[in-house]
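Presented as structure tokens, the chain that follows is alone, the form predicted on its own.
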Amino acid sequence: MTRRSHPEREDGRKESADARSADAKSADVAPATARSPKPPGPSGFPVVDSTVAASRDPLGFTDELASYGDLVSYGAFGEEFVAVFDPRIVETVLVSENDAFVKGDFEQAFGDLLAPQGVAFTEGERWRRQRTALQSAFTPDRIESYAAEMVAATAARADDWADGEAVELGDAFAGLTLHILTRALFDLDLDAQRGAVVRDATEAIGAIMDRFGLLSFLPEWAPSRTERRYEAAMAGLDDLVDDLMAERRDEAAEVDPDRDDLLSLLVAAAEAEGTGIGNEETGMNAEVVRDQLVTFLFAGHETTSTALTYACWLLAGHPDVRRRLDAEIDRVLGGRDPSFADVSQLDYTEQVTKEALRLYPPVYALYRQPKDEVLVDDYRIPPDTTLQIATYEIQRDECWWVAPDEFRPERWQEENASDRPEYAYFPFGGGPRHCLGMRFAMTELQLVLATLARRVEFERVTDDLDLSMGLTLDPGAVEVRVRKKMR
């Protein structure tokens, strides 16, 4: 993405890329005054503003917004937005001044569709209690205990593919990552029927997200087919979660009262409601536990599945990168499958993973809203405005990246590190609300890639991605042909 100065900002407020170095950690934030201007941006059309442009081509529309500067105002879907394209401002909003901002109405509306009381969407003290209660499932020791399942499940999936078979990566990896998630975090196996319930819900949420903003323009008495599908799928997911909780409750009473997987811990917290044991510290009543489980079932496998799809498609189109990856795997593993102890030595595997996440971050934007009217770099941001933090665009901005649209894992080598701002790269968010499962996801991505690379190579059938901004940064259908490796 090429950043261009907007004529209205050629007065010195638009700094050069050299001046906006890593030394300039954050942007200026202060109380706003009535005379302060709002950020520049497109004027849009009466009533609908920029809704049509934002819906028709979200990537192109957001790239156009970047031509106005670091902060850009626009209206769409009945909401007022300010797009953020400057890593300094990202750091301010997510880290240094994070208490001045909340998830906001726009993201909460999405939370209402999924899990309104889940840790991804709650605020304040309730969020802090939930985060504290859940983070024990993601300590280094616990993640180490999940590694063997990650490798075994991946090996089994790869061994099931036939040489020359055409595979749609999205479907294949969605099933794999859901299996890993439920076995590792919840200590359970979802049969095909139950797995289909989760997949149906994921697809229904994705479909309604494609029309998310547009739904505000429909009368409430006219539910669409997409909404009806969503309601049915979420009802099925709710029934599944209720069944899983009941089964684990029975197991705890009759089989193993000391189980400490995440599902068991959540069920125990719900059971403690009203007893004065635990619930005051966690706030985990039965409804909240339901939302935590839905959050993890959905977010814990969909984003990782999407990241794996991009990484394997990129490797299939870059034979030089694949050769370097194979050389590292041969050197470190010596003909065996990886273990958790190998992760620290799989440096190039990590670089491939990070570069895929830079080019194609599954979470392509973050949203925040100021609690009160504030000034950000001399621009007024009203409290009813949604800040759209443009992850995808910032991670491809030539101000911070050489050849930003190219797949170059070598750019992550320590000797090639530049003085770019920290928040020129943030696929897992940042600050106190960074992704709770970040360490889990990175470990899974590296172990899955290394395990696959030992067994198979992929040839592209799908030559060009059909990117869309929906539930995640969706690549569309991505088909490859499997070539088995001699081992």
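We number the residues from 1 along the sequence you see. What you are looking at is a predicted structure, and each value in this text was computed from that prediction instead of being measured.
One more form of this protein should be noted, the form predicted in complex with protoporphyrin IX containing FE (HEM), which is absent from this view; the next part is about it.
Every residue of the trio W127, F138 and L185 has some heavy atom no more than 4.5 Å from protoporphyrin IX containing FE (HEM) in the model of the complex. Across the options 230-238, 75-83, 329-337, 357-365, residues that bring heavy atoms within 4.5 Å of protoporphyrin IX containing FE (HEM) in the model of the complex belong to 357-365. Proximity to protoporphyrin IX containing FE (HEM) in the model of the complex, defined as a heavy atom within 4.5 Å, singles out one entry of T202, T304, T385, T349, which is T304.
Taking non-hydrogen atoms only, R131 approaches protoporphyrin IX containing FE (HEM) to within 4.5 angstroms in the model of the complex. Mapping the unseen interface onto this chain, G437 counts among the residues with a heavy atom inside 4.5 Å of protoporphyrin IX containing FE (HEM) in the model of the complex. Of the heavy atoms in L447, none are within 4.5 Å of protoporphyrin IX containing FE (HEM) in the model of the complex.
Though the partner is left out of this view, G41 does not reach within 4.5 Å of protoporphyrin IX containing FE (HEM) in the model of the complex, counting heavy atoms only. Residues in 318-334 all lack a heavy atom within 4.5 Å of protoporphyrin IX containing FE (HEM) in the model of the complex.
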